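The chain below stands alone and is given as structure tokens, in the form predicted on its own.
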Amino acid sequence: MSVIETQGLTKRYGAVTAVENLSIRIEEGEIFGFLGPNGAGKSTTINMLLDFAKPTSGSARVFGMDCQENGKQIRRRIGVLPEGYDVYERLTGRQHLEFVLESKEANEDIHALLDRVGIAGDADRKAGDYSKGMKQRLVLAMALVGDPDLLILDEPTTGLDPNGAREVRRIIQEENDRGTTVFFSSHILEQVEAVCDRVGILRDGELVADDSIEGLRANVGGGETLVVEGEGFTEEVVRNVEAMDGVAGVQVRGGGSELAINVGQDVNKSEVLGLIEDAGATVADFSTEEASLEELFASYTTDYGGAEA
């Protein structure tokens, strides 16, 4: 059963297209990662799923219901952690949870919810005195009220330290283990890679990839990265390497001392190294590694290699 399904979903603001012809299908029990640079259309897509924004054309359905016709009914079954959320500064953490429990007609232990996100000891402090990370935890607790069938999380680890981000990942996995579908929108690639079954990548409002991490690696050159250490990695060197057949993308790393090159399985690595040296750079060492999600993301969101896949 599909929990989220869009067909040709499009949103325009005057001459600006925020989302273009988006068609995705997310099955029950999936953790779906929704990736894209800032301004790619991720939050606009979420707003249309929640009926906070009307599509210009196309359709969006959640739990088999049209989002624009059944928005209120759909939202009762969803827990949402939005990007750019606000808290009521004069209300305590406990009062925030009381409000959500009443609105969802739920009956849960407030202390247990706040304890689960690590702020039970601050339940009776005003939210205006919370740090950014504590506010993030509070809004996550609010999203968990009512045992939602779908969690929509927009940048859920923003403002959290590494331990806090790890706790959020644990909560996401626990919710998924009990059957909750998770729509996880983020630009923090490590968080997505750690928990998601499948990833969709949005660029300029268009879906340019929809696959598992392994599938994305296969589509951008066999999933292998040639890491070259040295110096003199100028823009000309990068352009020359990018132009080689079988090269899906090039990144300069380590303050300019490394090239990370996504290569296909049939690419002759010696030829790549020779081209780099012929262009005037110095090669000190090289190694190969499996392509990271960061490198895959770069390949799909820039104009070279697998970007149009």
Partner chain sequence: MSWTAIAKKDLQDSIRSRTLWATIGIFLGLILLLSWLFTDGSGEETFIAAAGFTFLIGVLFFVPMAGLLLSVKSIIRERNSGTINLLLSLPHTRGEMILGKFVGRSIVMVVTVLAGFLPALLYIFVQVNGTDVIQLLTFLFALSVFGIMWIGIGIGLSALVNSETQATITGVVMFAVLILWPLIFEQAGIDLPSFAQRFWLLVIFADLFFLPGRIADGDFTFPSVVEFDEVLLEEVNDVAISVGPHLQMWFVVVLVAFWILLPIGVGYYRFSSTDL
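Residue numbers count along the first chain shown, from 1. Being a predicted model, the structure only gives us computed values, none of them experimental.
A second form of this protein, the form predicted together with its partner chain, is not displayed here; the remarks below concern that form.
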{"property": "Single option in R239, K72, K132, R178 placed near its partner chain in the model of the complex, where near means a heavy atom within 4.5 Å", "result": "K72"}
{"property": "Single option in L151, C196, A209, V100 placed near its partner chain in the model of the complex, where near means a heavy atom within 4.5 Å", "result": "V100"}
{"property": "4.5 Å heavy atom contact with its partner chain in the model of the complex for all of R76, P82 and D86", "result": "yes"}
{"property": "K126 within 4.5 Å of its partner chain in the model of the complex, heavy atoms", "result": "yes"}
{"property": "T92 within 4.5 Å of its partner chain in the model of the complex, heavy atoms", "result": "yes"}
{"property": "Interface membership of H187, its partner chain in the model of the complex, 4.5 Å heavy atom rule", "result": "no"}
{"property": "Partner proximity in the model of the complex: L50 to its partner chain, non-hydrogen atom cutoff 4.5 Å", "result": "yes"}
{"property": "Contact stretch among 188 to 196, 111 to 119, 168 to 176, 139 to 147 - heavy atom within 4.5 Å of its partner chain in the model of the complex", "result": "139 to 147"}
